[in-house]
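In what follows, one protein chain appears twice in different forms, each by itself as structure tokens: structure 1 and structure 2.
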Structure 1
Amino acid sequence: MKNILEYIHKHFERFVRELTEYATIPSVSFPGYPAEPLVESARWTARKMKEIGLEHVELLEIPGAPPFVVGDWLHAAGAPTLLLYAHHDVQPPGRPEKWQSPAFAPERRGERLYGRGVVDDKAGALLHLAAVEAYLKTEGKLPVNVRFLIEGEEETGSEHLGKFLRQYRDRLQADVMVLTDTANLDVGLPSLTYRLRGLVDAMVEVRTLDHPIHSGMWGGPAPDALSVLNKILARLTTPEGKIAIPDFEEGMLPVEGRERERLCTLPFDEKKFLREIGAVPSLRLAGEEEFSVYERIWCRPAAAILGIDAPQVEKTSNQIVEWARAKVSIRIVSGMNPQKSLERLCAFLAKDPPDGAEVAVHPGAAGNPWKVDPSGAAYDAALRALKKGFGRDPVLIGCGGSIPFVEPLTQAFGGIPALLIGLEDPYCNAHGENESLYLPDWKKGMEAALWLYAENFK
């Protein structure tokens, strides 16, 4: 293993340059952005795959989706097969004036590389390409079979991944899935994610009148749509921070026993946490006090108001607003049925409209939560590999975000284990401006991958 590890050390600066080049491609998958950069980033990925010696490298197309990039190396007879998942698309860059260096001109400052997509998820794709390269260029072979799947629409919800899976199932068949797109609990602290929240969202639209009317002439008996909307949204949570929707927690798996113990031993520093989220000095943590902060993020439902359409404050006149709408989301957790949760949310928003206003609720997403028992050969192997790579005991963590396809993808192959590892950290600002990758952890992640491939997964 020594020479393979040395290969990583020796070539690491080149890997950084390659990532820099990869991340100059503005492969934004959101509607309204051009499709060409996604084709370019797919081609870049495929070229890199071929360069390092992967086989059957191809851009596979599903109508309506950016290209999926696949490639494999399947010559480790008798060894298991890993499905290495990452994505080559990125979030929109956000507000240009907020970036210290341009979003698509990655810049290294100190030990971090700043740019859109560097950590989410181009470093995730390149991590395994570097690790595979290290094996093939030193040993001429891998101790394990690998199949790469680098998709191009993760940031918009992997809409076509199900169809892709049905169509190209044979190209993905594996014994273990490795998804390199999650976060570490802290810089330098290797973390294996074993639970994800799901998501339901809906748009609620309120109309009280067919046109705005003068707030003096009519204010009192004529209700404004914003006040009605305000009352509807205020019902969503109890003063204790619980979701107030009846039976909403039905089926939810309680956190208990060993899992709860594990969560309690994770390092947590409230001041640090508040700094990480950019809290104003006076802010107190919200949510249900009887649960720890990690439980609130990973194991409890949480509602948010994402946006409201209403007259702009600067343009208001003394009018009773006739129409308004809002988008709300609730993160859901393991055991809850997404479709049922969405129906409950919608029914709750539509029920008993204040003042008899007209309320229309438009159901939105209903994404699966996911949870595994992180024990067994594959998880043990991953924990050992992470420990060797990072030189530190890894932790088992949850993630409050959603990766809706983890559940169907693992189920498609008979419920194979899914190893969710990643390179994000509390300071990486994924999705925000000044996204960054902590380079020392990227290197450690590559080393952990080397160890992982050498593990016995049986």
Structure 2
Amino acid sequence: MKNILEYIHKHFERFVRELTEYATIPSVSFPGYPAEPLVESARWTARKMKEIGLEHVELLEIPGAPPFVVGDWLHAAGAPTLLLYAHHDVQPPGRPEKWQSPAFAPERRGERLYGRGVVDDKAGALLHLAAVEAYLKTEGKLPVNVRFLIEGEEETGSEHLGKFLRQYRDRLQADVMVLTDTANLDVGLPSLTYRLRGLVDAMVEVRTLDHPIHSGMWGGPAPDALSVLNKILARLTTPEGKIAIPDFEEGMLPVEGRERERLCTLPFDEKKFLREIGAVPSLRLAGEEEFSVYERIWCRPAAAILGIDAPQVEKTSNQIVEWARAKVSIRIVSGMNPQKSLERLCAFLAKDPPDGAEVAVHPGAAGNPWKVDPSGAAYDAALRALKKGFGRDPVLIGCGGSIPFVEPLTQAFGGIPALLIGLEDPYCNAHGENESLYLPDWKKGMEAALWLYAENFK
């Protein structure tokens, strides 16, 4: 292992340069952005796979989707096969004026590399490509079989992944899946994610009038749509922060036993947490106070108002607003049925319209939560590898976000273990302006991957 680890150290600066080049490609997968950069990014990924010695490298296509990039190395007779997943598409750049350096011109400042997609998730793809390269260039072989799947529409929900799996299942058959697209609890603290929240959302639209009217002549008896909308939104939670929708928590699995013990041992500093989220000085933590912050983020449902459409302040006048709408999102947790949760949300938003207003509710997404018991050979192997790579004991954590494809991807191969390991940290600002990667943890992640490949998973 010494020679392989030394290869990572010797070539690390080259890996940083390659990531910088990779992240200059504006591979945004959202509607309204050009498709060409996604193809360019897929081709860059495939070229890198071939350079390091992977075989059967191809860009596989499904109508309507960016190319999927696959490749493999399958010469470790009798050894298990790992499916190494990452994605090369990225979020939109956001507000240019908020970036300290251009989103698609990555810049190294101190121990961080700044740029769109550097941590989510192009570093995740290159982490495993660097680790495989280190083995093949020093030993000429791997101790395990590997299959790569690098997709190009994760940021928009992996809409075509199910069809892709049905069509190309034989190309991806594996014993263990390693997904490198989650976070560490803190900088330098290796973390294995074992639970994800699901998501339901809906659009609620309110109309009180057929046109705007003068607020002086009609204000008082004539209700404005924005005030009605605010009343509806205010009903979503109780003053204590609990979801107010009847029976919304039906089926929710309680946190108990070893899981509760693990949560209680995780480090937490409220002042540090508030700094990490960029809280204003007067801000207090929200949510159900009887639960810890980690429980509120990972193990409890949580509502958010994602956006409101109404007249812009700078364009408004003294009129009573006739129409307004909002997008409402609720994160759901293990045991809750997404479709039932969505139906309950929509029914609640539409019920008893204030002031007799017309209310229309348009259902949106209904994504599954995911949870696994992080015990067994594969999880033990991952924890050992993380400890060796980072030089400290790893922690088991949840994630408040959603990765909808994790469950169908694992189930497509008979319920194989899924190891969710990532590079994000509380300061990386993934999805926001000034996204960044902490380079020392990227190197430690590569070392952990080397150790992971050497495990026997039995």
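Note that the structure is a prediction, hence the values are computed from the model and not measured. Numbering for residues begins at 1 and runs along the sequence of structure 1. The term rigid core refers to the maximal set of C-alpha atoms that superpose within 1.5 Å between the two forms.
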Completion exercise
The chain seen in the form predicted in complex with a further copy of the same chain is the one numbered 1
Exercise for the section: Spell out whether the Cα of Glu314 moves at least 2 Å between the two structures when the two forms are superposed on their rigid core. Expected result: yes
